[in-house]
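Quick heads-up: it's one chain on its own, the form predicted on its own, in structure tokens.
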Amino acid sequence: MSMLRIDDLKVRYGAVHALKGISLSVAAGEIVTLIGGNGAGKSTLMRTIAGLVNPASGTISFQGRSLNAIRPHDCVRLGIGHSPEGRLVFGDQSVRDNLMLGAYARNDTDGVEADIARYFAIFPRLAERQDQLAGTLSGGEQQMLAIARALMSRPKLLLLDEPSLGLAPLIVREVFAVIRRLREEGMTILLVEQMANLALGVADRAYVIETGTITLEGTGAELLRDERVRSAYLGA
């Protein structure tokens, strides 16, 4: 049984059809990657799963429960963490306070503190800057914070939307090392990523989305070898 299942999902912004009948699934323990060009609908899909955008039609279910009319904070309580495109950290709050806000739905104080210590160990720069305002961090540090904040809710499914966007190559490698570590620990991840070679390299399965429609799907390895993907997204 899929942890996340989406069937014939359509989303409209006024007269614009952003998603035109998307169907996909994510099983527990998988990393599933979505690749596609700008404006293809990738972030719209992530925002719809997270309850930030209402679908026009189709279904989204998470562990057998419908998400179609659910509010974003209830998605978090069900076990969906979201690290959004553009990071969207709370710039006027400290690093530590951002992490605390990520755990707002929890009431296990000791567990929250243990998780903060855990993510400070995974992201040492955050530990060094824990009392610093998040808005003063570098782009890479903000991305680390966005991921750690999403993980603070102890999600069953982590939505990662463009985690490498605007980052230096060294920081991108660090971010993907964390993604691989989370995979080894059994985290289920739906990943939207512009760097297709890295995204497909870490993915169990992947989908290509173009103008709101799934056009290809397969294992990460299969899509890495696909000539259409190599030509369009890998520069080969």
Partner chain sequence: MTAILQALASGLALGAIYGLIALGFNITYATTKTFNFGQGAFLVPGSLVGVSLLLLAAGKPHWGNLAPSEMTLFTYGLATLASVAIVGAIGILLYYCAIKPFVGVGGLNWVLSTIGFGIILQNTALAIWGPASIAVPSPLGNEVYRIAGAGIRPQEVLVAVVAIAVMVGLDFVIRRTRFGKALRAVAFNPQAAAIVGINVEKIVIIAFVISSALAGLAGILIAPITTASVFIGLGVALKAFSAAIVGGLTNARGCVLGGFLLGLIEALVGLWRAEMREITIFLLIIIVLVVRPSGLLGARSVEKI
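Note that this is a predicted model, so its numbers are computed, not measured. Positions refer to the first chain, counted from 1.
Same protein, other form: the form predicted in complex with the partner chain, not shown, and the subject of what follows.
Looking at the partner chain in the predicted complex, residues 77, 101 and 149 each place a heavy atom within 4.5 Å of it. Using a 4.5 Å cutoff between non-hydrogen atoms, residue 142 counts as a contact of the partner chain in the predicted complex. Shown alone here, residue 52 lies within 4.5 Å of the partner chain in the predicted complex, counting heavy atoms only. In the predicted complex, the partner chain lies farther than 4.5 Å from every heavy atom of residue 122. Residue 93 belongs to the set of residues with a heavy atom inside 4.5 Å of the partner chain in the predicted complex. You can rule out all but one of 206 to 214, 181 to 189, 30 to 38, 65 to 73: in the predicted complex, only 65 to 73 has residues with a heavy atom within 4.5 Å of the partner chain.
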